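Subsequent text provides structure tokens for two forms of one protein chain, presented individually as structure 1 and structure 2.
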Structure 1
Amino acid sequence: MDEALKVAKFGGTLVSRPEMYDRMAKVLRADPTRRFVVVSAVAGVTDSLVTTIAKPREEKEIDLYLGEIRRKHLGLLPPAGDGVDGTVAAVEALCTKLERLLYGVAYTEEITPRTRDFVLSFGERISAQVVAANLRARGIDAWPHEADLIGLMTDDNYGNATALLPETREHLAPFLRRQADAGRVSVVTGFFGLSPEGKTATFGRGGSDYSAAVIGHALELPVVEVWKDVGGFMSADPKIVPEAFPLSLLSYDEAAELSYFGAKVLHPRAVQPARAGSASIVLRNIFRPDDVGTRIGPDTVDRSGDVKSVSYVRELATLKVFASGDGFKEGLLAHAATALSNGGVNVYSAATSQTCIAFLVEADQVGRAKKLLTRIPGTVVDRVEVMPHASLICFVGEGLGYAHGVAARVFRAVAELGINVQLISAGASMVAYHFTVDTKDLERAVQAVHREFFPHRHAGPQAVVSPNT
């Protein structure tokens, strides 16, 4: 029976309004093999938890905040009956536990990574209760489960944990199979699991996609569905390129590169457990459930060398790190990369020369990154220069690393508009190239690259416009 079953993940916007539960129930009734549901927190809740623990709070502030959290979630429950009373009690119990945690943080005025992860997990914990109650009210035998309590095992890298796939298969799969055999739909919390220390560990923002893929891997299921309020991947962001069109197939690597470099459709790490189990991830639009969406799988590799999509990341900055003394200081790259990584600074790209290393980082991390780099021991660093207002553009397609002339076409198209290309990275991936431009030139550059490879889409009145725009 397992081979026929599916995991269906529903994101934060889909669990945030009462009318969306009708659509969710309709999706589950349309295909009874959708027996495992993974849910995110209600939209905005995780952000509010991050803000709340960012600085010490007075008891009155915590009380007001918890009152808002209670109202938000209880307001999403169906009318009384259908077991709602039990859900109200469960939501209240979770809010009380969260309240005690926040009081503890307020009293000690400090928070460890483990405590932070535990606090941030409450959005999903409460959401699972609300979703299951709404599905039961619509005739679906749905039961909520917290992932760390049913055996989704992780390492101890709090804040950015990785699932332990064999251990998760051993602990989680038997329980969920028994639930399915009993005819139940399991509503499982996304975003976190259980560390070897027995503590909650989160997967980082957007990690519920990853949770769904991990559960699919544990159950050896062939399909993981990610349901959203928009379509799947597109050839470009339709906000910048109105002619952008949906992509029905992508390889694992194409999806991972696009997700990492700006296409906020799927968590980049979700492809890892899917690839390990040769499973497909299918992105679906809940407003258009009959659309094919985008499928990412083991049989979707097209190494023609054609560009499939263009993505981008705004609000970056380039840090140029110069070595002290004459020439390139041996070990500077290792020292600098280690300092940034240990300090929690995400590096999108790096380029080296004889006397300088350039790192591309998020603009709001520049101050922290600069401090980390100037504190490298051994007087390795002479100075750090900041070049603000950078944006990264990534173009993706299987076989790009083997195709001739693709990069030349991109840079010629951009140069014809008088746009200066800054950092260029090629060779690290055989399916993606990326480069940076000044942020003021970003939109024109993305349009130029898209037009170069899909000219028929930009042919005036006859252009084909994406149904998702």
Structure 2
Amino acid sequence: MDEALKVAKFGGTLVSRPEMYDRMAKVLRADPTRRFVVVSAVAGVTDSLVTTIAKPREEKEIDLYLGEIRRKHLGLLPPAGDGVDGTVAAVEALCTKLERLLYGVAYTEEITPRTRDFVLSFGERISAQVVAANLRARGIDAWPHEADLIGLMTDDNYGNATALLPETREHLAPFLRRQADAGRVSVVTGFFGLSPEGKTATFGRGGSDYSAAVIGHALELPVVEVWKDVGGFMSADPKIVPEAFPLSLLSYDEAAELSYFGAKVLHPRAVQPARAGSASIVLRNIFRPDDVGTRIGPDTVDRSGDVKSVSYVRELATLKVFASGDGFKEGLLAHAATALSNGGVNVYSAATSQTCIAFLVEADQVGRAKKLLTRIPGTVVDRVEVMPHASLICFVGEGLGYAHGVAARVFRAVAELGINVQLISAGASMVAYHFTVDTKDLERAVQAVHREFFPHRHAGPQAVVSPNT
């Protein structure tokens, strides 16, 4: 029976308006195999929690904040009389718990990664209540569940946890199967699970996509749907390339590279559990529910054509480690990479030359990274230079490794606009290349790459038809 069932994930914008609950209910009614729903927090709520715990607050501020959170969520509940009393009580109880937690942070003036994750999880906990109540009011037998309480198991890497797939399959699947067998729709919180020490651990921003893929894996389901307010995975971020268009198929590698390198439409690690279970992730548009959307699956490798999509990461910086002496490099590269990784610094890319190793890291981790690199014991680091304001552009296609001259076309298109290309990485992956530019040039560079490969989409005098297409 499980083979036929599906997970359907609905993101922040889709759980934030009554009109969206109508659409969601319609989607669930149209296909009763959609028995497992994964939800994000109401749009803006996780951001507000992040801001609230960024520094200790006065009691008054906490009261005001909780007042807003209560109002926002209670205002989204269906009219009284629709059996919402239990939900009102549950939302109130969650708000009270959150309030106490925030007081605790205020009094101790201390927040650990564990407490932070617990605080951030409240957006999803409350939204699952609100969504389930709204679905019930629309005739669907839907019930809310908090993922950490029903057995979604994680490691203890708070803030960027990874799900423990075998343990999750063991604990979570039997519970959810029983719900489905009883004909219920389970509305499960995205974004977090339970660490080995019994605490809440989040998967990082945008983590609900990953939760949906993990739940699909646990239940051995062939399809995980990720419902969006856009047409699917597109050829570029439509916010900066209005000419971007939805793609019908992407391979696991293409989707993994694009989402790791900034395509916010899918969590960077959502592909992992899907690939492990040979399942498809299907991104679909809530405004056009009959469209097929974008499918990422075990059978979606298409090597015809070259580039399929372009992504970007803003706010990075390049750290250049200079050293001297013969044979320093081998040891230094290993030491530097270990120091950065142990210090929790995420390296997006690295390049080496005879006298220098360059690392691309997030701008807000530069200070820490520089300290770690200058303190590497027993090596010959002369100096570490920081080049701020770097942004990365990634272009992806299964055909890339087989086509000739693709990188040259990209760099020519960018150079023609007078944009300087900094760090280049090609060949590490068969399906993705990336390079960096100064952040001030990012948008123009992304548009130029998109225009180079999809000139017919860019109407008007700017459209450039490449001699190679």
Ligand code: ADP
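Start at 1 and count along the sequence of structure 1; that gives the residue numbers used here. Everything numeric here is computed off the predicted structure, so don't read it as measured data. Under this definition, the rigid core comprises the largest set of C-alpha atoms superposing within 1.5 Å between the forms.
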{"query": "Structure corresponding to the form predicted alone", "finding": "1"}
{"query": "Flag for Leu64, CA shift 2 Å or larger between structures 1 and 2 after aligning core", "finding": "no"}
{"query": "Core-aligned C-alpha movement of Val386 between structures 1 and 2, 2 Å or more", "finding": "yes"}
{"query": "Rigid core superposition, Thr96 Cα moves 2 angstroms or more between structures 1 and 2", "finding": "no"}
{"query": "Core-aligned CA shift between structures 1 and 2 for Arg444 (Å)", "finding": "3.9"}
{"query": "C-alpha positional change at Gly344 between structures 1 and 2 - rigid core reference, Å", "finding": "4.2"}
